[in-house]
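First comes one chain, alone, set out as C-alpha cells in the form predicted alone.
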Amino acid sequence: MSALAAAAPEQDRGRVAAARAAMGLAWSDPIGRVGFLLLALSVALAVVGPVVFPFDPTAVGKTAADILRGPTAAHWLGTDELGRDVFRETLAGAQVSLLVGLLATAISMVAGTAVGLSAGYSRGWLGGLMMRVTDFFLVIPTLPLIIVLAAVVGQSLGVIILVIGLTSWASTARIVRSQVLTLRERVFVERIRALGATDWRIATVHILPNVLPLIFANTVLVIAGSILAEATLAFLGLGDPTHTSWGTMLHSAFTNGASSRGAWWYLVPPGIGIVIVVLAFTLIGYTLDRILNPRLRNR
C-alpha cells in the first residue's frame, strides 16, 4: 500500500490542475462566460439583496390603493395582492429558489453517484438489480411523480427538497455507471488491484475521481431542473406557504388575478428570475459537458 500512498499526492495535483484548466476553458468560451456572469449576478442578488432590501411579509398595505399598485418611487416593482413590495419579495424568493435547487441537487448527486458507482463496479446480481431500479425511475414521468409525492407527504420546504432530490438521481446513476464500466477494465485498475488494494479503495479512491468531471457537469444541469421543479410545484399550489419563492409568487399572482388586472409587475420579475437562473446553469452545464466529456470534446 505504500506505493499507492506515494502516488496519491501526485494524482491529486494532476486533478487540481485539470480542474483549473477546465474552468479556464469554460470561461474562455463565450457561452460559458455568459452563463457564469448570469449566475454571478443571480447569486449576488440572492445573497446580498435580502440583506440590503429585507422583505417583511407582514408589511401589508394599509389601503385598497396599495394593493397591486404599479411601480412607483417607493415600490420599484409595484406591490402584490397584500400591498407588499414586489422587488423585495423577488429578492427573497431568489434565495429560497436557489437554496432548494442546490440542496435537492446535492441529494440527487449523492444518490445517483452511489448507485452508479456500485452498479458499474459490481459484477454480480447486485449491479443488475440496481440498474433495474434505475430504469424504473427513468421511465416514470418525473414531474407527475414529484407532484403526487409532494401532495401526499407534505408541503414543507424540507419535504420538497427531499422529494425533488430523491426523484431526479436516475440519470446521474446511468451516466456514472457507463463511465465506471470502462474505467474498471483499464490497466491502471489491474495494477492497483495487483498491489493489494481493496475493491472499496479502487472504487472510491481511483475510479470515482476520474468520474467526478462528468458528475460535476451533470450537477450544473440538474440544478436547473431542480429549480424548475420547485417553481412548478409552488405554481401548482404544492409549495411551502411559509416561504416565499419565485414559484409561490407566480402562484399568488395568478390566484389573485394579476394577469386579468394587468399587474405585469407582479408576474414578470419572478418569471424572469427563473429564466435567467435556469439559463445560466444550462449554459454552464452545456459548456462544461462539452469540455469534460471526451466524446463531445473531439467533435
Partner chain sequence: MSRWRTSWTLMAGAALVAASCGSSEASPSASALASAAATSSSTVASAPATASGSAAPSASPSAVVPSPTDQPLRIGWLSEPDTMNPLTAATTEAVEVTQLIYDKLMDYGLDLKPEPELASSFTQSADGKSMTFQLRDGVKWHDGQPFTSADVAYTYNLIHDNDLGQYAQFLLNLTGVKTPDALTVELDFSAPQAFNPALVVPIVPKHIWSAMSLKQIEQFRNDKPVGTGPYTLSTKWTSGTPLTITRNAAWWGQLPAPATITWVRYDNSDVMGQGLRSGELDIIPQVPPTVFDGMTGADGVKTVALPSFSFHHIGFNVSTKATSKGNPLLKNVTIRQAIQDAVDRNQLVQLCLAGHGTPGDTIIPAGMADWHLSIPADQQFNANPDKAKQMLNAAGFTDPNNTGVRSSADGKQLAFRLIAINTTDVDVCAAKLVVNAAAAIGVKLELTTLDENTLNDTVYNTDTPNWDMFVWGWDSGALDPSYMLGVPLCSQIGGNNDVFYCNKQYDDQYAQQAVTIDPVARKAITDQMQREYYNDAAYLVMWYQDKLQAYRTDTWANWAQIPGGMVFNFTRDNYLHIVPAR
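Fair warning: this is a prediction, and the values are worked out from it, not measured in the lab. Numbering follows the first chain given and starts at 1.
The form predicted together with the partner chain is left out here; the points below concern that form.
For the options V60, V268, A40, V34, the residue carrying a heavy atom within 4.5 angstroms of the partner chain in the predicted complex is V60. Of the candidate stretches 81-89, 175-183, 216-224, 106-114, only 81-89 has residues whose heavy atoms lie within 4.5 Å of the partner chain in the predicted complex.
Contact check at 4.5 Å (heavy atoms) against the partner chain in the predicted complex: none of G127, W200 and L212 pass.
Using a 4.5 angstroms threshold between heavy atoms, T232 stays clear of the partner chain in the predicted complex. Interface residue remark: P54 is not counted as part of the site for the partner chain in the predicted complex, having no heavy atom within 4.5 Å.
In the predicted complex, at least one heavy atom of I67 sits within 4.5 Å of the partner chain. When contacts are judged by a 4.5 Å heavy atom cut-off, S259 counts as touching the partner chain in the predicted complex.
Scanning 29-43 for heavy atoms within 4.5 Å of the partner chain in the predicted complex gives no residues at all.
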